[in-house]
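A single chain, nothing else alongside it, follows as structure tokens in the form predicted alone.
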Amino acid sequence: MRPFNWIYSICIFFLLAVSIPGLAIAKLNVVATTEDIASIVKEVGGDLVDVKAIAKGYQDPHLIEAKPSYMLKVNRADLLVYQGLELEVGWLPLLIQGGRNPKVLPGKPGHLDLSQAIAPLEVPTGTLDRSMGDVHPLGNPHYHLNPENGLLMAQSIADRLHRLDPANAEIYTNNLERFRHRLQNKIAEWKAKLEGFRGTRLVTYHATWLYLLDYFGFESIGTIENRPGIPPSSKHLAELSAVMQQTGTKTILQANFYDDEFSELLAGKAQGTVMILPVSVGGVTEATDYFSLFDVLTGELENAFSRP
């Protein structure tokens, strides 16, 4: 074969390799239940993974509809990664059942519950019943709002990618170290930004913000939903308004997927201000990844607490 024809043949082969699915370099298909998890998977997996999130950042992750299109994603997944602590209990089991994918069943390598690496807060004790509202018996599931838990989430993801794709373990390790280094630097920046506001009192709509407040040293004096998932009574709002006025608390913090009716009502009673912030990546356009989510949160809190 003449040199020109040989080179031409090689070029045709590589064009086919990237254009024909059967010949293309396979990526791991990862399904994440939230955009926060998907963001971290992208950081650790890099070009070796194709990750899709089920819940969007502007949605309440407790209340996702188990659509057939989501079941199809689960059916095609090599790895299913989720928050756990029953955050997705109302819909993820239905997706797993409908997805009919043995690779992502509980106990299989393709099934990853990130909460196993986390020390949960607000674990209830005693007897639980439905009159207490939507209580999470295993603890508060919004642990991604402590940025140091992001390091633990990333380590768990890297460990599982190593197991599923050992040939590329070194790449996952290097990606993990880059993520760890960047996140540790950003954590120092975020803590410095809010250090002067430690001890600031807030009211929250739901216990969504527990990990964020605990990590940065803020104090919650109460929640508008005194029973999770149940609208507050007039009596509860009146009592909370009195506590706000007695303690000089002015800020009501609410996730942007909740209706603000009760928050605004309380703010009017107590001469307070409602702050509506994203809980997740994708919750606002500026929160494009795990890092920028905390850039938004800490920036908004700093601005609010800096006002006279």
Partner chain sequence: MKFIKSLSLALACALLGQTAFAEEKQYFDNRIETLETRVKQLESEKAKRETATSGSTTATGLSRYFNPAISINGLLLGTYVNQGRTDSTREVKTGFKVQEVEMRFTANVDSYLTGDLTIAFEGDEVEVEEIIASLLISNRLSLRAGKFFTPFGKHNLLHTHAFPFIDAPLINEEILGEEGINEVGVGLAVLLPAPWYSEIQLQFLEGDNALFKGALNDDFLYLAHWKNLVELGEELTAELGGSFAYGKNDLASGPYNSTQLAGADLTFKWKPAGRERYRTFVWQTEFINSSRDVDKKGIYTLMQYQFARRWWIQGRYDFLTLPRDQVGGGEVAQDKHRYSTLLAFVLSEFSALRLQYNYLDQFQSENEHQVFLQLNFTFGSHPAHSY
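Quick caveat: nothing in here was measured; it's all calculated off a predicted structure. Positions refer to the first chain, counted from 1.
Only in words, not in the display: the form predicted together with its partner chain, which the text now covers.
Of the candidate stretches 253-261, 42-50, 279-287, 237-245, only 253-261 contains residues with a heavy atom within 4.5 Å of its partner chain in the predicted bound form. By the criterion of a heavy atom within 4.5 Å, Leu63 is counted among the residues contacting its partner chain in the predicted bound form. Of the heavy atoms in Arg198, some are within 4.5 Å of its partner chain in the predicted bound form. Proximity of Asp214 to its partner chain in the predicted bound form falls within the 4.5 Å heavy atom cutoff.
Interface membership of Pro120, defined by any non-hydrogen atom within 4.5 Å of its partner chain in the predicted bound form, is confirmed. Contact annotation for the candidate site: Lys67, Arg76 and Val89 all lie close to its partner chain in the predicted bound form (heavy atom within 4.5 Å). Shown without its partner, this chain lists Asp165, Asp159, Glu225, Asp113 as candidates; in the predicted bound form, only Glu225 has a non-hydrogen atom within 4.5 angstroms of its partner chain. In summary, among the residues Ala169, Ala188, Leu105, Ile221, the only one with a non-hydrogen atom within 4.5 Å of its partner chain in the predicted bound form is Leu105. Along 214-241, these residues reach a heavy atom to within 4.5 Å of its partner chain in the predicted bound form: Asp214, Glu225, Gly229, Ile230, Pro231.
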